[in-house]
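The chain that follows stands alone, in the form predicted on its own, written as structure tokens.
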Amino acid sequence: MKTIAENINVMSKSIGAAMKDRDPGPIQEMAKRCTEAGADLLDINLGPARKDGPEMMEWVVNTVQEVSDLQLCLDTSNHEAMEAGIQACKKPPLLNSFSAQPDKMEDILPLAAKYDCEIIGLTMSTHIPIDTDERIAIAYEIVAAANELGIPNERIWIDPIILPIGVEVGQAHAVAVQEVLKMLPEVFDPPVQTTCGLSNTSNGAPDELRSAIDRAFLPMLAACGLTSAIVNACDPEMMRTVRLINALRNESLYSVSDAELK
């Protein structure tokens, strides 16, 4: 299972301020921490990036690449900022925030085709479905649209979308996500990759409980075939859970250090 570090996010108070002030220190320190923690990719989340989006994304990408060689995951709904980030990347990035919404189909998906990038497709259109079959139908629409542009299944990551467990339909969504993950290998040949924003599970819960909730759900998703997750790479217990999942799925060679907190 690959891990995508969620920590370089404009919504973080310290990281958001550093982006605004063009202060590389906090961003580079976070990138180094996540890299040393064992993350496979670093997510750069600028959100809508309405003001100076392209310049901001280019600056953050270059800032991170000065201290880490990991593949980047670019996350913004601003397609101009996305393209600026792609052009600044030393290796083709993974693109996030794509869905079956018309504007995302028109603006984000063609960038993945143009620059030979991998892309995450969220199983939503005008709304986030609860029903498993509707999620599968949207996944099929996403993959078909990507294939039409020459993007093979191997470069497509499907995100069935996790909602907070504490909201009214949160538990139903949690069950549907697991069902979707089990069904995807039967729908697509060759198979697509899968991912999720794991911390969405515990969003709204007391801070002291969030890690426990997320770590309980991740092995369940792994058992359903999840191939990657967007996680808090600065949570040692989370990263230990990932290491042990990889060892127990025979995706890495087990050592005692896998079970140790680092």
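Throughout, we count residues from 1 along the sequence that is shown. Model, not experiment: these values are computed from the prediction.
Keep in mind that the form predicted together with (6S)-5,6,7,8-tetrahydrofolate is not shown, yet the notes after this line are about it.
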item: Among the candidates T132, N78, Q178, S97, the residue which, in the predicted complex, approaches (6S)-5,6,7,8-tetrahydrofolate to within 4.5 Å (heavy atoms); value: S97
item: T35, S211, Q28, N200 - the one with a heavy atom within 4.5 Å of (6S)-5,6,7,8-tetrahydrofolate in the predicted complex; value: N200
item: Option from 115 to 123, 100 to 108, 181 to 189, 145 to 153 whose residues, in the predicted complex, bring a heavy atom within 4.5 Å of (6S)-5,6,7,8-tetrahydrofolate; value: 115 to 123
item: Contact flag, E58 vs (6S)-5,6,7,8-tetrahydrofolate in the predicted complex, heavy atom cut 4.5 Å; value: no
item: Touches (6S)-5,6,7,8-tetrahydrofolate in the predicted complex: K20 (any heavy atom, 4.5 Å); value: no
item: is_contact(I230, (6S)-5,6,7,8-tetrahydrofolate) in the predicted complex, heavy atom dist at most 4.5 Å; value: yes
item: Partner proximity in the predicted complex: K13 to (6S)-5,6,7,8-tetrahydrofolate, non-hydrogen atom cutoff 4.5 Å; value: yes
item: Heavy atom contacts to (6S)-5,6,7,8-tetrahydrofolate in the predicted complex at 4.5 Å, residues of 34 to 52 in sequence order; value: D43, N45
